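One chain comes next, on its own, written as structure tokens: the form predicted alone.
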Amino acid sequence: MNAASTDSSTRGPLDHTIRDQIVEAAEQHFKLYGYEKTTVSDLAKAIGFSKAYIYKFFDSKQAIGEVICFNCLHGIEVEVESAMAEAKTASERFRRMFRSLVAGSAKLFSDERKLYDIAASSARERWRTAADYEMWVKKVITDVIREGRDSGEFERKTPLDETSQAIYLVLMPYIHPLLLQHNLHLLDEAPGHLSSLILRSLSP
């Protein structure tokens, strides 16, 4: 995911200090009251700016939510890439990827429940941040499979795109904000069992 994904939804003066101040204040407000229940007028009162002034920097509440959502999802990306970095084999990279994606999603759900609601809105309404994150996850999966095929760890007969999509569908119940809430009771065992099953299916 690229930071540019949030730029198209903002406008007005390129004063990053003010924009950051609005985003930070909005994030704190969302943590307390939730994204859906908050209006731009509520944010204006909380921040001490006029609603018209906020609109100089963001054209909607969603535009602010997109920036916050990007920051949350980017944090998961960083954790996943860090976890995968020290793996010596594609199989181990896969296990770390699976485990870190699920752990990062669960942490956001449990630690920042109100901010998780923004990710849910992003997924439900198909914000660009949600689409970019989905593309990133699929790319990471594809890269690991390709690495495993190149090293001889994984089979090469099944089309790469078909394999990647199938693995993404297995992951979805544990990383998608609209599905994860129904599968929290499985988070302790699902990553280990499912990654092992997938790796067996990938064996040459």
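When you see a residue number, it is the position in the sequence shown, counting from 1. Note that the structure is predicted; figures quoted are calculated from it, not measured.
Unshown form predicted in complex with another copy of the chain; subsequent notes refer to it.
Q: Find the only residue in A52, L169, M135, L32 having a heavy atom within 4.5 Å of another copy of the chain in the predicted complex.
A: None of the others qualify; the residue that does is L169.
Q: Which of these stretches, 58-66, 35-43, 154-162, 22-30, has heavy atoms within 4.5 Å of another copy of the chain in the predicted complex?
A: Answer to the contact question: 154-162.
Q: With the partner left out of view, is L194 within 4.5 angstroms of another copy of the chain in the predicted complex by any non-hydrogen atom?
A: Within the cut-off, so yes.
Q: Even though another copy of the chain is not shown here, does Y174 get within 4.5 Å of it in the predicted complex, heavy atoms only?
A: Close contact exists here: in the predicted complex, Y174 approaches another copy of the chain to within 4.5 Å, heavy atoms only.
Q: Verify the contact flag for I18: yes if a non-hydrogen atom of it lies within 4.5 Å of a non-hydrogen atom of another copy of the chain in the predicted complex, no if not.
A: No, no contact at 4.5 Å.
Q: All three of A83, D111 and S121 touching another copy of the chain in the predicted complex at 4.5 Å, heavy atom to heavy atom?
A: Judged in the predicted complex, none of A83, D111 and S121 sits within 4.5 Å of another copy of the chain.
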